[in-house]
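Presented as structure tokens, the chain that follows is alone, the form predicted alone.
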């Protein structure tokens, strides 16, 4: 078996060496040598055809040679292997990429004759095709924003289509980008997590919530219980994006809750007032949690054992975190329930620690009084003893 593998490998290497394309295309030869295709013995002629053993350009570019100058050819070419289950089975790779691409915004535009849209080589590279797990690959998770930004950034191909939108810059200013690119949180979404990979397309009204719900499931459940769920779709508003922005998504801040309501509702309206009231609930809970934290820190300096209180403070913070998705129900009572639990737990911590600190202060005072009377007694006894000794003398 080992001998057979050696013979097969030798035959493949011999075939690779028989290709003379690098004589005229040395840069492409070097680029290809670094690719996963080269490692799997896929050579120039497998994509370009022709007569690779020839050293004359006219002969080499004869026969079934294709230069692939037309971008429209590329997806179908890649699909010859990547849509073939027999060839992809050994690599455990999906074979539906080409079918998905044809349904994407890119694929549909390409069929209509727009060759400026993304094709396989724009995202994966031309000759240096790398695994997506390779940090140097344009499809490595941290590199995807810049890869998409080639077209969807300032001066990219999308600008040729008559739009000035700079989705890349908007994304780089978002909380998602900070999580992924600065903190290294690979669970944070990049472009493909929301738009899809080979079937990339913008989510339509009615689907935005489902898309965001892949990560924010609690918020989605709460939103579906709200009056917004049906009214936004009926009004043609893209659910979550109507409040949280598109690519420039920012972390939710309760201080901006009522302000967000003004996107659709008038100032002073019932909806705006509910937003203001929920802001107050969050502010009071935050204030109580901060006070409890300060009380625990004071107790720790005494020192008192505070591990149990720290655990309970974390529980109080959890209740407040649960209040955040509850905001999407637009129900004052739902938010009040969680913020009240958070606030009351913080108040219990403060009361218990204050009680312990008061007991400790009382004990210290009693100890001071005890030592004062003890020392006073010793001094009196000493005084009388000295007086008695002088009297005897």
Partner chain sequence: MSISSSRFLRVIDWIERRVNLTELFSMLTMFGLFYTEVDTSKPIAEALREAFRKPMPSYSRWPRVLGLLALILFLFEVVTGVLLAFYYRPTPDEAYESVLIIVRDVDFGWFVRQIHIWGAQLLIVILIARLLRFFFRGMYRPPRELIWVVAALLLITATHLDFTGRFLAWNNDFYWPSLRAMELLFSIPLIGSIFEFFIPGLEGHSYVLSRFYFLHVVLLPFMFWLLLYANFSGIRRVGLSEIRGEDTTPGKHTFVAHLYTLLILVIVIFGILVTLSVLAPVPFGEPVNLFETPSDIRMPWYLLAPYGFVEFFPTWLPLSLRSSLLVILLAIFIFLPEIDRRAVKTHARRTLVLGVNIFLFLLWIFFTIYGRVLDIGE
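Since we're looking at a predicted model, the values are computed, not measured. Residue numbers count along the first chain shown, from 1.
Another form exists, predicted together with the partner chain; not displayed. Remarks below refer to it.
Participant: Of the listed stretches (242 to 250, 298 to 306, 105 to 113, 189 to 197), which one has a non-hydrogen atom within 4.5 Å of the partner chain in the model of the complex?
Facilitator: One stretch meets the cut-off, namely 298 to 306.
Participant: Under a 4.5 Å heavy atom criterion, is residue 369 part of the interface with the partner chain in the model of the complex?
Facilitator: Residue 369: no contact with the partner chain in the model of the complex.
Participant: How about residue 381 - does it come within 4.5 Å of the partner chain in the model of the complex, if we only consider non-hydrogen atoms?
Facilitator: Close contact exists here: in the model of the complex, residue 381 approaches the partner chain to within 4.5 Å, heavy atoms only.
Participant: Check residue 374 for me: does it contact the partner chain in the model of the complex (non-hydrogen atoms, 4.5 angstroms)?
Facilitator: It does: once the partner chain is placed as it appears in the model of the complex, residue 374 has a heavy atom within 4.5 Å of it.
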